[in-house]
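Heads up, the chain shows up twice below as structure tokens, two forms, tagged structure 1 and structure 2.
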Structure 1
């Protein structure tokens, strides 16, 4: 196996809450992401999926353990530099657009912060807007577009600086099924064209199986990985897979892994 691009080693995260108790959000997490791969993380709400990628993006620090990206290791004490962060794109669970900027200004915000002002990047922004059918709304304000539209803008804002690693936190949660499928296919195309490493969070098992080469299945209390499943389908993937028997088997397998533990909790 080739050397992984992103490695998470024995990472734990304990949150201190306001009433001075502590939550063990993640315990002894080990993960590897190969360069150019597409890996999903699925698991029940609150199992720590968002926490994992927020630590990779250095928004929050792990309590223990270390993360290595492209040969550079960072942890509780060592931060990651702005240069290295530029290689990452982070797509929030909520669109998180700034209401004081237009749609296009929101999309261009990472470029502004990284000091990339050229005409070329302006075209990148327009192309991305077009790819999610939002070019016509470039000068609208976030208050003037729908929730699903905002979500699409949040997604392309995370890719506009052409990162090598893209972390997506349930990016299409608020979209209807068909728009979601359409955008997922668009995502696969972008993935193929750019060779990005994608870490995709979802609680939609079918979505995970359809898109990814590998799926991490998580459980909560404390957040941990319970299985790692390779999804062996040929590339490029198409929506035709949804009807294949093998597809159904993968979904069943993962749902059982999540469901088993849920059942025991009911008792």
Structure 2
């Protein structure tokens, strides 16, 4: 059996409030992510989905438990090295583009931060822009493109330094259904082309089933894993899956596990 690329073992997280009370955000989380896999985490708001990927990225330290990435176990008292940080890409809910930078300059910002600006990475940026049909807008400014286009730029910016692990925190939540479906298909193509390990956070059950090889389902107060579901569809995935009976069964199973979910966010 292949050794997991990312392992989360018995991880808990307790936050301290300003009045010194404690909030148990996560309790006894156990997860494994294989190299080159696509796994989603779903659950109601406040269950700790985003906290999990922020701990993998070392933005937040766990209160207890261990996180291991590519054979390296984090020391909860010491930040991980810059070299290990560069193995990861993080995509937030909003694209957060700098308005005074062009589209391409925004995409290439991580390369400047990591000191990786070169002709090779310039070509990587162009290839990613082309993969989401944005190469023709490389010299445009954020104010000159649509919200969907901005979101595309935010996504590929997290990939431009060619990370081994890409963590995505509800990147398409604010977009309309048609745009979101189009971007999901683009994401699947990029994933297959690059071989990255993708950990995807979403409220949208259909989105999780469409994209993922495996889905972790969480409950809240405190955040816990209630199920791990393998999604057995052949690659490449297409939007035609949305009408298949098997697809509907997966969605219903996950919705039932989540329980009190906002149904407006699973359509």
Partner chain sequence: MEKNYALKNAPLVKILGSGIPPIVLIVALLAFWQISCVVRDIPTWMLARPTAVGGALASGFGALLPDILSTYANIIIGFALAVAIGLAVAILISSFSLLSSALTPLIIALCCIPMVTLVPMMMLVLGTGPNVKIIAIIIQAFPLVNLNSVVAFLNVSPERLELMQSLKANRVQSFLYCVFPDGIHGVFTGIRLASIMAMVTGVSSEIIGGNAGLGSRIIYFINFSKTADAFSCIIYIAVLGIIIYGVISIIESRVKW
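Numbering follows the first chain given and starts at 1. Since this is a predicted model, take the numbers as computed values, not measurements. Note that the rigid core is defined as the largest set of C-alphas that superpose within 1.5 Å between two forms.
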| property | result |
| --- | --- |
| Structure identified as the form predicted alone | 2 |
| Between the two structures, rigid part identical for residue 108 and residue 169 | no |
| Interdomain rotation angle between the two structures - two rigid parts, degrees | 14 |
| Rigid core fit between the two structures: Cα deviation of residue 131 in angstrom | 3.8 |
| Displacement in Å of the C-alpha of residue 140 between the two structures, rigid core kept as reference | 5.3 |
